[in-house]
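First comes one chain, alone, set out as structure tokens in the form predicted on its own.
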């Protein structure tokens, strides 16, 4: 049986003189990158440099749109109409796509950031507006969304998008499949070995152990590492090494067109 998984990372989240993450190092170990589009982090120079580096390293490039929330790093829910959400997502995808095209590459996928990602997994109106924005911009783009979020998966499918289900290498799960709130202890996995074990169990057995010990059945095509995490480079390196040791192929479903 051919076991495979994509390793993606949220990155390009520096802004001006403020440096966030170690993107250059992480890009040596991942297969796809979700690059901030300027609304929660990133600026034109950061976007340009991050896209260029990802393309040089052969990493698939996706847009990482968010609510317009620089101060809160896109992690605060905002009261926006469906039309506003649709417009702001198209705006951000288009901005990043410009840099991708300028580097002779193509945009492969879209993955929402922070609060937009979480709200879209629960609110049908937000999910519908977000999926519609991606489909209107380019229906060929893969739609990366929470594997335990049936609402956003359904809206992506209704919009005719290729849904790619995502799990997390560095986040803890609640028993209901939601992610543990970042404000709570244990919400982030910072030990590279524990993170790698979580992913290997996911790929081999189709399950993740929740923070309370509950075993969750879960199907995912890609796993995320947060580039702003303190041990993100070490997690990326350990994850790649362990997957190769386990004969698990690192591939890019959002690139190869494989259905989720």
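Only a predicted model underlies this, so the values are computations on that prediction, with no experimental measurement involved. Residue numbers count along the first chain shown, from 1.
In what follows, reference is made to the form predicted in complex with another copy of the chain, a form of this protein that is not presented.
Stretch 68-76 is the contacting one of 147-155, 123-131, 68-76, 164-172, since its residues have non-hydrogen atoms within 4.5 Å of another copy of the chain in the predicted bound form. Exactly one listed residue, out of 206, 58, 44, 230, brings a non-hydrogen atom to within 4.5 Å of another copy of the chain in the predicted bound form: 44. Contact annotation: of the candidates 26, 54, 223, 37, the single residue with a non-hydrogen atom within 4.5 angstroms of another copy of the chain in the predicted bound form is 37. Contact here is defined as any heavy atom lying within 4.5 Å of another copy of the chain in the predicted bound form, and by that definition each of 13, 95 and 102 is a contact residue. Contact annotation: residue 140 falls outside 4.5 Å of another copy of the chain in the predicted bound form, judged by heavy atom distances. Taking the partner from the other structure, another copy of the chain in the predicted bound form has a heavy atom within 4.5 Å of a heavy atom of residue 87. Shown alone here, residue 106 lies farther than 4.5 Å from another copy of the chain in the predicted bound form, counting heavy atoms only.
Although the partner is absent here, residue 248 is not a contact residue: none of its heavy atoms lies within 4.5 angstroms of another copy of the chain in the predicted bound form.
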